[in-house]
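Below sits a lone chain in structure tokens, taken as the form predicted on its own.
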């Protein structure tokens, strides 16, 4: 069959960075981040978190091709912030939010299992 191996969707190849950064040469405070081995799930969550930042003017992502397992996140910020700062802040905020969600879920599991 002509399809790529399934593990290629998740395993980052040797010598390839998980995230790469490229500044935009035409627009001030704009950059693209290429995130390897991710899809719409991470792209949409990250885009929505970036939209919560008042210093972010534009945040979007795209999948270049269905058989290329990477997303390209584009960020344009105001002069008070940089795309790298906005990206790092969004990742940190999402990390805290997911930790909170995990704790709440585990507490409900304990509460539910003690009832039965």
Partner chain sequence: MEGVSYQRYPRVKIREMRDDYVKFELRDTDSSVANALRRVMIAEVPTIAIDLVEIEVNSSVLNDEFIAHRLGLIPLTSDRAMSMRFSRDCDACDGDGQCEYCSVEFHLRARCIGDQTLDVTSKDLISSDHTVTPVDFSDSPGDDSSDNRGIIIVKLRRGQELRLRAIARKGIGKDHAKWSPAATVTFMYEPEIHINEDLMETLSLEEKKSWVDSSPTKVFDIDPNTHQVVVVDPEAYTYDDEVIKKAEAMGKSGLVEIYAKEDSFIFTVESTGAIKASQLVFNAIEVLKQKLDAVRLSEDAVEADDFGELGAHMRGG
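None of these values were measured; they are calculated from a predicted model. Residue numbers count along the first chain shown, from 1.
Note that the form predicted together with the partner chain isn't included here; everything after this is about it.
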Legend entry - Exercise: residue 66 in contact with the partner chain in the predicted complex, heavy atom 4.5 Å: no
Inset, instruction - Classify residue 92 as contacting or not contacting the partner chain in the predicted complex by the rule of any non-hydrogen atom within 4.5 angstroms, answering yes or no. - result: yes
Inset, instruction - Verify the contact flag for residue 35: yes if a non-hydrogen atom of it lies within 4.5 Å of a non-hydrogen atom of the partner chain in the predicted complex, no if not. - result: yes
Inset, instruction - Indicate whether the partner chain has at least one heavy atom within 4.5 Å of a heavy atom of residue 109 in the predicted complex. - result: yes
Inset, instruction - Determine the residues of 28-59 with a heavy atom within 4.5 Å of the partner chain in the predicted complex and present them in sequence order; the list may be empty. - result: 28, 29, 33, 35, 38, 39, 40, 41, 42, 44, 45, 48, 49, 52, 53, 54
